[in-house]
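Just one chain follows, in the form predicted on its own, and it is written as structure tokens.
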């Protein structure tokens, strides 16, 4: 009888809430009354042998009938439930690992076991956004020491699936971020796999940028591969370029990143654990980390970069990664395109060795490829660049890229379309400064990355001489409204590009 009193009939309302799990019940629902549920109460929702934790939203209209319950789309997907089936709800037992978070807030250190408990609860969906915010804040501001970062990294690795390859050398790369464009990954993967090395690249979608590697690759191929499909592609072509979300590698990372970005908090310890747990989970053991430094990049000073470099090297050594950190120029965008379709065009232009290909994107990709070739030990130190250039300029990298795309499902040619507006120089002079963050925001307001054709085509690198009225960049948008929205922000900013008079 107790179970029957907490049972409700499921009806789908089609409410999308990103990855947050929500449950929707009428205010006069007999379960709400008997259990004493209030809005935003965390409750357990059970369906057959599965269960999730969700936050309750109270409905005060007749959108649900008496005796009905609904869920957000992410919760529906997790449970695999259909309309008309029965759900059972119950109170959530106290989450014991939250006591460890509270202890950290008051200045104590995490033990390895405590971090294991916390990460397990996060992956199981037991932490609300408020709980996640508390954990992230407790770790921010250099509050994690090296031992804690190592324990957090290990906990995140063990929280999800891990891929094991029957090869001694598995290569990978990661960029700390902060530069619009900079879509080197598909080019590097193509060069390294064409050489014969194994590079199973799992990449992210954009969170605060105009495009992630997965968003850009999705313009040209399928990126939502499961673990078995990833293994099949890698066995066939030596590598892949897929979205990491479907692979369930270090799943806690994706959850934490969403909340970190909403809070606008960059925790050094969690950044290290995020990057290295993904690499180790994918089976990589030879890794290059690209750290761009610039006034408007994610890392703004050489001191902060060197501190992060030292810490990440210590943790990598403990988790078994041979790692090299490269501190690079982060003062301006890389490539011309900012946004999925425009970046895809640049990638293909470099791979096809077109005369109009952005040379900065080509050179950066070659440099990263050369470093990885040498780090692997398969190419002698000093010869990596020669080998990388040979593979790219012979066309072998392009052939391999198309082969990887086809193995993942298809190869599609990107098509640039939509509304556009040219932004011209207000005066003659030399471009001396670019605000990467504001330029990226213009591209996002235009619709990137969700509208794949939206973004910016950028023509004005630092050092370029421009004439008054000359095109600096073009904004692309899939709708007039999005274009106007981007232009409204653009006109309110005076320093996206700084042009010094001659």
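Small disclaimer: the values here were computed from a predicted structure and weren't measured. Residue numbers count along the first chain shown, from 1.
There is another form of this protein, the form predicted in complex with another copy of the chain, and it is not shown here; the text below is about that form.
Novice: Which is the contacting stretch out of 308-316, 272-280, 420-428, 83-91, given heavy atoms within 4.5 Å of another copy of the chain in the model of the complex?
Specialist: Within 4.5 Å of the partner lies stretch 83-91.
Novice: Work out which of 262, 302, 385, 169 lies within 4.5 Å of another copy of the chain in the model of the complex, going by heavy atoms.
Specialist: Looking at the other structure, the residue within range turns out to be 262.
Novice: Out of 399, 208, 226, 146, which one falls within 4.5 Å of another copy of the chain in the model of the complex, going by heavy atoms?
Specialist: So the residue touching another copy of the chain in the model of the complex, by this definition, is 208.
Novice: With the partner left out here, check for me: in the model of the complex, does some heavy atom of residue 50 sit within 4.5 Å of another copy of the chain?
Specialist: Close contact is absent here: in the model of the complex, residue 50 is far from another copy of the chain, nothing within 4.5 Å, heavy atoms only.
Novice: Looking in the model of the complex, any heavy atom of residue 450 within 4.5 Å of another copy of the chain?
Specialist: Heavy-atom contact with another copy of the chain at 4.5 Å: present for residue 450.
Novice: Do residue 464 and another copy of the chain share at least one heavy atom pair within 4.5 Å in the model of the complex?
Specialist: Because no heavy atom of residue 464 falls inside 4.5 Å of another copy of the chain in the model of the complex, the answer is no.
Novice: At the 4.5 Å heavy atom threshold, is residue 433 in contact with another copy of the chain in the model of the complex?
Specialist: Judged by the heavy-atom cut-off of 4.5 Å, residue 433 is well away from another copy of the chain in the model of the complex.
Novice: Out of 115-138, which residues reach within 4.5 Å of another copy of the chain in the model of the complex, heavy atoms considered?
Specialist: The stretch 115-138, when checked against another copy of the chain in the model of the complex, contributes 129, 130, 131, 133, 134, 137, 138 at the 4.5 Å heavy-atom cut-off.
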